[in-house]
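To begin, one chain is listed below as C-alpha cells, in the form predicted alone.
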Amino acid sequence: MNYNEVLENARKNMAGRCLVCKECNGVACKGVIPGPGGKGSGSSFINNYQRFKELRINMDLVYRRTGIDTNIELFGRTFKYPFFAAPISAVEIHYPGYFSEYEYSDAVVKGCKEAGVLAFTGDGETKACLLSGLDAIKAVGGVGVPTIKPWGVKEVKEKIKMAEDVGAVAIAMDIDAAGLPILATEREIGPKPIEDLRELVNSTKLPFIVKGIMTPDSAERALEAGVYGIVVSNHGGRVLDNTPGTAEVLPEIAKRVGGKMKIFVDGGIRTGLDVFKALALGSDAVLIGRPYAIAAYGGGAEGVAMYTERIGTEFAQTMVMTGRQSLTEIDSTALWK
C-alpha cells in the first residue's frame, strides 16, 4: 500500500462526509457537522490552516552537521517525533458505516505506537467513545492519552480512575468541547474554573493536560491550577465560528507560560513543515486531527504509521534545511519576518 492508495480508500470509506481534498483547508466541508467541517461559516477551521500556510521558513545550510535528533521526551518516555494524533471520537456518527468506535481507536493507537509516537483518544456522549479509547490504549501497554470531556468534577474523576487502571501515560480534558451541540444533554458539562481544575489535577498522579486554550490569560489560569500542559486549540474550528487561527495566538501564549508547562498546539497542521513552524512559534509538541482520521480510514493502523513516517520525514528534512539539529534549536529565528 502507498499513501495515494490510503487517500483513495479514505474517500470510499468516510461516508461522503470527508472529501479527502488535496488541501485539507476547511473550505469544501465548511458547516459539515456531523462530519469534518468547521462550525458555521467554517472560518475558524480555515483560519487554522491558512495561518500556518502563510508562515515562511528561513533556509540555513552553512553549519557543521553532527546529526538530526527529532526525539522528544514527555510523560517520562521518549518519542520519535514531536507530534501526536489528536483525540477524535463519535466516528460512527461523523463517518457512519465503516469503523466502530473501538476499531477506529485501535487503528490510530496501534499505528501511532508502531511509528514511535502516541495517540490521544476521545470521549463523547456514549460510553463507547471513552471505553474504546481506553481499551485500545490498554492493548498497547498504556501508550496513549485518554481525553475526557468537561463533565462535572465527580464524573471526570471517575474517568480519570479508569485511565489510571489501563496504565495510560497521561490524561487530558478538552474543555473546548463544552460548546459541542451533540453534547447538549442533561448531564453536567461546561467550562472549568481554576478551583475545579486544581481539584482534578490533585486527584491523580498522571500528568494532566487541558485542551482548548486560546488566550494567554486562560493559559496562565491553567498554570495556576497546576496542570502539566495545555493544548492551544479551538477544537478544530468546530465549536465557535470566527476565532483566530491557533498559529495567531500561540506566540503570545508561549511568551506568557513557555518553559513553565508543556505547550501543545493543534488546528490546521498538515505537514512536517507545519510541525516545524508550530515549534518555532513556541510549542513543545503538536497534535494532528483530521489527517490521522483520513489515514486510519484509508489504511487502518498501517495507514496511520505511514502518515506518521511521511510527516516525520518532512519534519526531519526541514530541520536539515534550516540548520536545526535538535528540537531545542527550533525557535522564532527559523521563521521569516
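Quantities reported herein were computed from a predicted structural model and do not represent experimental measurements. Counting begins at 1, following the sequence as shown.
We do not show the form predicted together with a small molecule, though everything after this point is about it.
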Fill in the blank from the handout: Among 159, 94, 192, 110, just one has a heavy atom within 4.5 Å of the small molecule in the predicted bound form, namely 94
Handout entry: in the predicted bound form, the residue from 312, 289, 299, 42 that sits within 4.5 Å of the small molecule by heavy atoms
Key = 289
Handout entry: All of 123, 147 and 268 with a heavy atom within 4.5 Å of the small molecule in the predicted bound form
Key = yes
Fill in the blank from the handout: Assert contact_stretch over 111-119, 193-201, 229-237, 251-259 against the small molecule in the predicted bound form, heavy atom within 4.5 Å, equals 229-237
Practice task
Decide whether residue 35 counts as a contact residue for the small molecule in the predicted bound form under a heavy atom distance cut-off of 4.5 Å.
Solution key: yes
Handout entry: Partner contact for residue 89 in the predicted bound form: the small molecule, 4.5 angstroms, heavy atom
Key = yes
